[in-house]
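Here we start with a single chain on its own, the form predicted on its own, put down as structure tokens.
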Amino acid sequence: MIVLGIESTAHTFGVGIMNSEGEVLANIFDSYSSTEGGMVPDKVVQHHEEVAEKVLADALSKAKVSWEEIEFIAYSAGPGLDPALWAGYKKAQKWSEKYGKKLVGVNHCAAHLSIGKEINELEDPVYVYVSGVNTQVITFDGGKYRVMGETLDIGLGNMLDKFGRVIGLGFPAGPDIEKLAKKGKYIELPYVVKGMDTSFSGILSKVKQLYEKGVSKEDLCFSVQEVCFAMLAEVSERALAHTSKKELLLVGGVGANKRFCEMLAIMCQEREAKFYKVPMDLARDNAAMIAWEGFLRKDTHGDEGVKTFWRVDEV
């Protein structure tokens, strides 16, 4: 069975094609970026509309398949940026009608988890899901996903992008922050862990104040990384201890940060657990994971419309 997936929850429009054996046949995407202003919704929608047909053509070419070989279309129904979700859903509807394919709407967060578990061949991990708007520690129990802890305000990825704008970086800011951090030294910042939950808005406010007082970009980048990643390492370790699980899987775009991976790997080694991550092309927002999640949900999901605030623990 061959499934085509469509991703459009935020700045990335992607088309991915996978088969039922878990093989990625194509994973093509094009992402909106800007030197200022972050994600401007109408510009994101314009971007998605402009690149959609080319991304589709490139994916079909890469996979060397025709529409006749594709069983159905899976798409990101949510959660995400509402205008971006609608842009992807309209494309999914158009291609569904044109080529006579069933639509299967899936949860974007669940797709991150399932593709990470599949490619790492894991049994029952604790998931650390860190992307733009999402920062959650998740486990699977009693037949559904359970959110053990999450951000109380903004996701870490969004906080890093907002911080990047403060110090004059483009969008997305994460890669540049990681580079600058290598030249910085530690300064004290708020460390906000409340039980299993985290909070990043106070850290953002503090670094704005420090930057205005002349603290260097490099020192701020280093300190933001060290504090925020340590907070997540703490709650992740607590989740492993509580569940007695021995696998920790990091998913989401912030998982590209090498220092974050290093800190989680050290923590796992100290408590005799194994740390796993996802290759960057599958860790970031992508459509191959949507195709795979669609395959897993083909018997329970259909045309789900758009669900902007669809939580993973509702799946």
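All residue numbers refer to positions in the sequence shown, first residue = 1. What you see is a predicted model, and the numbers here were worked out from it, not measured in a lab.
What comes next is about the form predicted together with ligand ATP, which does not appear here.
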Legend entry - 4.5 angstroms heavy atom contact with ligand ATP in the model of the complex for R284: yes
Legend entry - Distance check, E178 to ligand ATP in the model of the complex, heavy atom within 4.5 Å: yes
Inset, instruction - Considering only heavy atoms, tell me if P172 and ligand ATP come within 4.5 Å of each other in the model of the complex. - result: yes
Inset, instruction - Check whether L152 has any heavy atom within 4.5 Å of a heavy atom of ligand ATP in the model of the complex, and answer yes or no. - result: no
Legend entry - ligand ATP in the model of the complex reached by all of Q136, A233 and E237, non-hydrogen atom within 4.5 Å: no
Inset, instruction - Could you tell me which of 214-222, 186-194, 153-161, 88-96 sits within 4.5 Å of ligand ATP in the model of the complex, going by non-hydrogen atoms? - result: 153-161
Legend entry - Contact assignment for ligand ATP in the model of the complex, among A265, V45, V51, A256, heavy atom within 4.5 Å: A256
Legend entry - The single option of G105, G116, G132, P125 touching ligand ATP in the model of the complex, heavy atom within 4.5 Å: G132
